[in-house]
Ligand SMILES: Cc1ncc(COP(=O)(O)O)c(C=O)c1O
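Here you get one chain, nothing else, as structure tokens; it is the form predicted alone.
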């Protein structure tokens, strides 16, 4: 059953912004653009012209990389914009809610608050390695639950969700909720993407990003994949000219075969470093737990997390400390071998002090 009907009624009837047409090798006097080309930047497309309203070439390249049809994908300013678009499209302010396990990526809460949508949290537990309980997620859903967000591998716990569990969630919310699987860190794990399920489950939406595995966080480029009808709705909501020309061109270059091969090798190095650094940190007496991870980071419990944070900062090493249920935990991103050695040297001096 299509989930288009779950979108806000006013969104269902929206039409995308109609920009001035763009045709190569024509005299363009239809978009109020400057005729002067800026000398700044060496780009294939002149910056005095607007970019495409939607970068079709990039859309096709990303669809090919992620494994879906171009019409099933919308290019976004990082996957964070996709989260915003989804909540604004499906959740009526003050009426609807999203459901998500906790702890998880804080931007689900952030954009829900902006839209005045309620967040239903489904706790996961440290003693169970923060595994997501699908039955608990389904039980938490209400008739007004328009979106279910699951991050796999999850941020900040590194916990993956199996494809079988995602299928159970999709089947359990068929026709009732869109299930959004955030795969920002999928390249670092063993479960693989579920984007191949898009053709089989009309309530599945998948978030992808170039920030992590491709190392393009500064480009702010991601994508949301899903049923063609839902992508059309999101296209109508997204601002025109969302992707700047320099971003489009640098991402196109990053998707060249030789660059993707380099990115794969970089992921392999990070995974290898992840295992090395996790093993080393487990050996410290002031570390009580290191959880398994399939991301480019891992979560560890310290006997004095505040003290470790302060000590590492003094040694020019920045880590991430969360509050609440994770107040004694620190998330550690896997850096280069030299970065990771700096962290270990800092922790070594902590043991000596």
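Numbering follows the first chain given and starts at 1. Quick caveat, the model's predicted, so the values are computed rather than measured.
The form predicted together with the named molecule is left out here; the points below concern that form.
Trainee: Among 255-263, 272-280, 225-233, 151-159, which stretch has residues whose heavy atoms lie within 4.5 Å of the named molecule in the predicted complex?
Mentor: This holds for exactly one stretch, 151-159.
Trainee: Though only this chain appears here, would residue 188 touch the named molecule in the predicted complex if you measure heavy atom gaps against 4.5 Å?
Mentor: No.
Trainee: Could you confirm whether residue 101 comes within 4.5 Å of the named molecule in the predicted complex, counting heavy atoms only?
Mentor: Judged by the heavy-atom cut-off of 4.5 Å, residue 101 is well away from the named molecule in the predicted complex.
Trainee: I'd like to check something about residue 108: if you look in the predicted complex, is any of its heavy atoms closer than or equal to 4.5 Å to a heavy atom of the named molecule?
Mentor: Taking the distances in the predicted complex, the answer for residue 108 is yes, it comes within 4.5 Å of the named molecule.
Trainee: Does at least one non-hydrogen atom of residue 184 fall within 4.5 angstroms of the named molecule in the predicted complex?
Mentor: Although the named molecule is absent here, residue 184 would touch it in the predicted complex, with heavy atoms inside 4.5 Å.
Trainee: Using a 4.5 Å heavy atom cut-off, which residue among 177, 238, 209, 124 comes into contact with the named molecule in the predicted complex?
Mentor: Going through each option in turn, the one that passes is 209.
Trainee: Tell me, which of 193, 71, 80, 97 has a heavy atom within 4.5 angstroms of the named molecule in the predicted complex?
Mentor: Partner contact (heavy atom, 4.5 Å) among the options: 80.
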